[in-house]
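In the block that follows, a single chain appears as structure tokens, in the form predicted alone.
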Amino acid sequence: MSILPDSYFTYAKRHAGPDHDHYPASPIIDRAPITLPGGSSLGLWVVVPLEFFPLNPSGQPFKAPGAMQTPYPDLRHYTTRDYGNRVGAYRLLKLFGKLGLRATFAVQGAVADRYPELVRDVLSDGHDICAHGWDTDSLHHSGLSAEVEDGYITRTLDTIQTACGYRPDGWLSPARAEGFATPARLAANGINWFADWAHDDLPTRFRTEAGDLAALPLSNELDDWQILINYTRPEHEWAAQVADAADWLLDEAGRFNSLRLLTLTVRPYVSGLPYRVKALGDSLKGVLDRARAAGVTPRDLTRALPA
């Protein structure tokens, strides 16, 4: 006989499929094909976070990737991150213009407040923007009250709207951190799509108690921070991984007669450095030069998502 209480043997989510109700277990090979109006088989979606790193982060509930590391004042890392918004972002804008690629810039509220001209320059170059939370030290997690988390969301949306006249309907959480209630609170605040989950190679419907969201999958594994900084791999290996992923996904798209997505996150303070931006450009061009490959936007993906 067990000495554990009965509650230790009950779990409401113990059933077939994921232990949440946001989307069903749906193997990608069994789903109806998704197509884009232009007929592309491989969609390249590039996301550029525009982040603000406070010099004195609380680090709660954890330090975001890229946060300050040495004792206060960590001016070495602070100014490196600032370099991204002052210099690297403009290199990326120039590169995307040369490639004819429309990217999605994920803008934090503190960036819109401090660098409104940068946000306006992004929009004037024809790129999309989504909200990226307030800053890298205002993380979303289940320990936040509804009042505090709603405040993070509305303050971010209001500040971006004030900076550029556009209120985003898409969201990427800082450090991609969420609490259990975050998706519903995003939906309740007018967000239509979000990109925190890396659960698929296709957009999916994501149910919340406040209404459906479109979940646009964003790879964490091909993120420039993950490969170049966390894994400390050289640029040519990252480029080879991107090329391998493009070839594999194109083959799958052909076999299943359905779109596949290749998603990349590139940060201005990482990929916008002068010794990396050429490698990034060559890698993106290599993908776009493949037959049946094209850049895609959140609007393309949400429109293609089956009802």
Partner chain sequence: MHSDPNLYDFWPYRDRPKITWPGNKKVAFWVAPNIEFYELDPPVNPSRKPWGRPHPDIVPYSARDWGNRVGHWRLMEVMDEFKVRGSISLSVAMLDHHPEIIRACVERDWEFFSHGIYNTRYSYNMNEAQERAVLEDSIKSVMDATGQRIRGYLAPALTHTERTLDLLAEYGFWYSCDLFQDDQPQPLKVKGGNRLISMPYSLEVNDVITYGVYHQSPRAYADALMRHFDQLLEEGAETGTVMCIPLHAYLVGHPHRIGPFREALRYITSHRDDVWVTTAKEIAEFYMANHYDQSLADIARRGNARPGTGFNPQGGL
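Superpose the two forms; the largest set of C-alphas matching within 1.5 Å is the rigid core. Numbering follows the first chain given and starts at 1. Quantities reported herein were computed from a predicted structural model and do not represent experimental measurements.
This next part talks about the form predicted together with the partner chain, which is not shown.
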Decide if the three candidate residues S7, H20 and D201 all line the partner chain in the model of the complex, where lining means a heavy atom within 4.5 Å.
-> yes
In contact with the partner chain in the model of the complex (heavy atoms, 4.5 Å), from 66-74, 26-34, 45-53, 276-284, is stretch 26-34
The partner chain in the model of the complex has a heavy atom of only one listed residue within 4.5 Å, and of T79, T154, N230, Q161 that residue is N230
inquiry  = Taking the partner chain as it sits in the model of the complex, is R185 in contact with it (heavy atom to heavy atom, 4.5 Å or less)?
reply    = no
Quick one: does E237 come within 4.5 Å of the partner chain in the model of the complex, counting heavy atoms only?
-> yes
Q.
My question is simply whether A210 lines the interface with the partner chain in the model of the complex - judged by any non-hydrogen atom within 4.5 Å.
A. no
query = Is A177 one of the residues lying within 4.5 Å of the partner chain in the model of the complex, judged by heavy atom distances?
reply = yes
Taking the partner chain in the model of the complex and a 4.5 Å non-hydrogen atom cutoff, the residues of 35-72 making contact are P61, F62, P65
If the two forms are fitted on the core, does A12 show a Cα displacement reaching 2 angstroms between this form and the one not shown?
yes
